[in-house]
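Starting off, we have a lone chain in the form predicted on its own, written out as structure tokens.
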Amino acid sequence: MEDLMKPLQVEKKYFTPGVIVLSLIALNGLVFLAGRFLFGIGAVTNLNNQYPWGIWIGVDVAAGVALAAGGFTTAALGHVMHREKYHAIIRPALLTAMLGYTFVALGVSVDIGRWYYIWHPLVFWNGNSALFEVGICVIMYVTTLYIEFLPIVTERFIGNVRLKSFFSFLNKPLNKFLRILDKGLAKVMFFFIILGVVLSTLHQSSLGTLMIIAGPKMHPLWQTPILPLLFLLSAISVGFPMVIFESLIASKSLGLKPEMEVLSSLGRIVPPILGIYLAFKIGDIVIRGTFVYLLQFNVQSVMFIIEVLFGAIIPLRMFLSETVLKSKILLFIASSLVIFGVLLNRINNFIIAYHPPYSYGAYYPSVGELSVTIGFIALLILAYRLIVINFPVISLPDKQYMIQTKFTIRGSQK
């Protein structure tokens, strides 16, 4: 049956009660976003000189980059390692990564004070800056993701360009251009796939480098020389759980049957990767002796325990169970816990652990910051639904084969 599946447009109406609710949430976020651009970043956020970043960096950027790791992990698995059985999940993972990184770029633009200088890293290079490396890698990777998505666009429109009236004379030239573009992309796509994997490993780890620079401003539970490695390992470990999570959510939302055989097989790959990350995480605090801070009952110790226990240990045990791997609900819960753990890790690193020595108060996100972040998430979901309805992203049973099979069965019965 696997061979009979092919990427197709999902024939569903776009507007549903859920879509309307998400649209209202997105609109609320856009209102606060407009206030940020019209009246300045201070009018909407609780940021100040002591706390120059908040959830827009911790969640929208740092966590967003990590949770979009499904794009490069599945690309490495399906294309680089040639595991053909996972090809059905590559396009949805690519779309999720593309949209995720798009909103990461928007998040950075929103967060910097003078947002109209976002283009500066492209011109003013600083090879000694970790933030510069992150910025350039993200720009290059976003571009790479859109190039990787182009074959899906050409597949959708080749032979389907039907401009009417005055523009009808463009139909043949456009179709010809799309065919040439498609053939050209097929010859060079391997380069962009490998480039995407390499770029991802670079900026995923460099985000950890940013927090090393913070030095004593970081709590000892998280401030470690191997922070770049931990950031990279956590991103890799959340890649496949994020794909499983997205696939199950999309199947439920669009009324499709989830590919449990593929998702269960993907789930079996998670424990070794998650186990390596957990080993480095625990080994780090043991070797540095910072585990003693866990004996102090404060926000930092509690958040660290929650992050490790619910975000790594419990889901690791769940993914080792065949019962979990064969159950949609349990597999969804296990994947959600890994996602929660990595999300909390980024919040802990960028917000909970970060404490300037001369601060005169704690940072709490404002209503405006929360509204923009939640609004971005809603916009991402709305964009995902719009694209899968109009482009061949999700693998579905081949309609022509189903029709032929239906007539064959009827003929044999007669």
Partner chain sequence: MQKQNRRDFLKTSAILSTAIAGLSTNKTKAKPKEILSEDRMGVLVDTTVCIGCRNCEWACKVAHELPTKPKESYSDRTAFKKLRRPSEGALTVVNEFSNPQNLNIPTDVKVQCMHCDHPSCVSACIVGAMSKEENGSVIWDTDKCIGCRYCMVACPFQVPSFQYDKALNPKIMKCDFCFERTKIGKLPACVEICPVETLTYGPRSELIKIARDKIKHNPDRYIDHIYGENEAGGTSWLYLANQDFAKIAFPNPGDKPMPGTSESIQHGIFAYFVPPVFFYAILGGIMWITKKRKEAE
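Everything quoted here is computed from the prediction, not taken from an experiment. Numbering follows the first chain given and starts at 1.
A second form of this protein, the form predicted in complex with the partner chain, is not displayed here; the remarks below concern that form.
Report task. Determine whether any heavy atom of residue 220 comes within 4.5 Å of a heavy atom of the partner chain in the model of the complex, and answer yes or no. Result -> Residue 220: no contact with the partner chain in the model of the complex.
Should residue 257 be counted as a contact of the partner chain in the model of the complex, where contact means heavy atoms within 4.5 Å?
Taking the distances in the model of the complex, the answer for residue 257 is no, it never comes within 4.5 Å of the partner chain.
**Q.** 4.5 Å heavy atom contact, residue 323 to the partner chain in the model of the complex
**A.** Flag for residue 323 set to no.
>> Taking any heavy atom pair closer than or equal to 4.5 Å as contact, tell me whether residue 37 reaches the partner chain in the model of the complex.
In response: Although the partner chain is absent here, residue 37 would touch it in the model of the complex, with heavy atoms inside 4.5 Å.
query: Residues in which of 171-179, 338-346, 242-250, 82-90 have heavy atoms within 4.5 Å of the partner chain in the model of the complex?
result: Heavy-atom contact with the partner occurs in 82-90.
Exactly one residue in 212, 294, 299, 309 has a non-hydrogen atom within 4.5 Å of the partner chain in the model of the complex; which is it? Among 212, 294, 299, 309, a heavy atom within 4.5 Å of the partner chain in the model of the complex occurs only for 212.
>> Quick check on this chain: which one of 225, 283, 159, 272 has a heavy atom within 4.5 Å of the partner chain in the model of the complex?
In response: Only one listed residue qualifies here, and that residue is 225.
- Taking the partner chain in the model of the complex, which residues of 351-375 have any heavy atom within 4.5 Å of it? Going through 351-375 in order - heavy atoms within 4.5 Å of the partner chain in the model of the complex - the hits are 354, 356, 357, 358, 360.
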